[in-house]
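One chain is shown next in structure tokens, namely the form predicted alone.
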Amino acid sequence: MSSVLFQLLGVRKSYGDFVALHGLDVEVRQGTIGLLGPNGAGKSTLIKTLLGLLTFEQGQVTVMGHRLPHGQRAIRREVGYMPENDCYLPRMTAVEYVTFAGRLCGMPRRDAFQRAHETLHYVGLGEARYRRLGTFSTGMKQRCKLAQALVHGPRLVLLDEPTNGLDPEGRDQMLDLINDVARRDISVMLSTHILSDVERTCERALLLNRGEIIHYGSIADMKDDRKNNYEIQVRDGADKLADKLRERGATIDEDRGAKLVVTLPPDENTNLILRAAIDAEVQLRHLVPYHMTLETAFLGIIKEQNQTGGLIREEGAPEVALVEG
């Protein structure tokens, strides 16, 4: 069985004069993937294109070995989809709704009904399965939407903003469920604007910006790009210290008043900072290794792409190229 979840070759999608996807080329393999990007980057368009819900003007899309547009039904049998917006009839019960979702994916009625009970129990809605969806809280609706994405036993689930509108407890429960789904050998692609959710659940990230793929690689590598970085805080005289550090070949990546984030030359260590502080006659109050967050890495990649353009990929990942539409 192939480990490739989906492959895009020169995929372009437009809405009138607005180009939502610019000639995307990428091959994504099994695992947990965070789909990231600013608002309007093309995340939802990409998901709906993978599902065959949107047509595309040019290129090739293959999902779970099935080529679109002709493989749409086969794809829906192997892929689960949890949409961002509510998509149910309020008077339906949870078990009716999840059974209906199973039927839409090609399951026989009896099997869909049995699996609906099992899946609702799995997401923590076993006691509420006969309640009407219109009476559910936001957290219960989100878990029910996850159940309908899982009912047919997919190999891949596409989750669009699954923690949207949830309180902290509900968000923790949803993220725990997503992690458990991944442990059951089901690949997950999580589209969200909450970067900490991706950090908690995903191994790799696919970054979109203005309809282009600008990064595909491991999250650990994204956060490990700056290995010789330190965060410094001084009592006063941060500007003088910054000047002395620059004279010694260091780079000031962030200047936040009395706090500096500094990148040292590869062959240097904290002794360079101490010598610079002595020369600048400033008192160091704080000196620790700088640990990059996913948010910082994400913003850095977006900034770099805006300045230079092009795809940033992890070492060893398949060669891909952006094709402007």
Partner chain sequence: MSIRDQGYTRYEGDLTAGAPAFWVIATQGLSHYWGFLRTKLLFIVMLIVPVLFSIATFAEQAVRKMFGGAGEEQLSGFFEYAFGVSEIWMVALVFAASGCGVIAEDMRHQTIQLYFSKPITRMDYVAGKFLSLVMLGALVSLLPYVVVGTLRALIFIPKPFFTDALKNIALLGLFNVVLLVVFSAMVMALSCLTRRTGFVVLMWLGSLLIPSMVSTGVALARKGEAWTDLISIAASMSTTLKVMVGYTGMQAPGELAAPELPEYMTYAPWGVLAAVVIAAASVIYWRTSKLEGIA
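Positions refer to the first chain, counted from 1. Remember, predicted model here, so these are calculated numbers, not experimental data.
There is another form of this protein, the form predicted together with the partner chain, and it is not shown here; the text below is about that form.
- Exactly one of the stretches 78-86, 191-199, 240-248, 211-219 approaches the partner chain in the predicted complex with heavy atoms within 4.5 Å, and it is 78-86.
- Among residues of the shown chain, residue 73 is one whose heavy atoms approach the partner chain to within 4.5 Å in the predicted complex.
- Although the partner is absent here, residue 154 sits close enough that one of its heavy atoms falls within 4.5 Å of the partner chain in the predicted complex.
- Contact annotation: residue 236 falls outside 4.5 Å of the partner chain in the predicted complex, judged by heavy atom distances.
- By the criterion of a heavy atom within 4.5 Å, residue 48 is counted among the residues contacting the partner chain in the predicted complex.
- For the candidate set 95, 166, 177, 252, a heavy atom within 4.5 Å of the partner chain in the predicted complex is found for exactly one residue, namely 177.
- Heavy atoms closer than or equal to 4.5 Å to the partner chain in the predicted complex belong, across 97-115, to the residues 97, 100, 101, 103, 104, 105, 106, 107, 108, 111, 115, ordered by sequence position.
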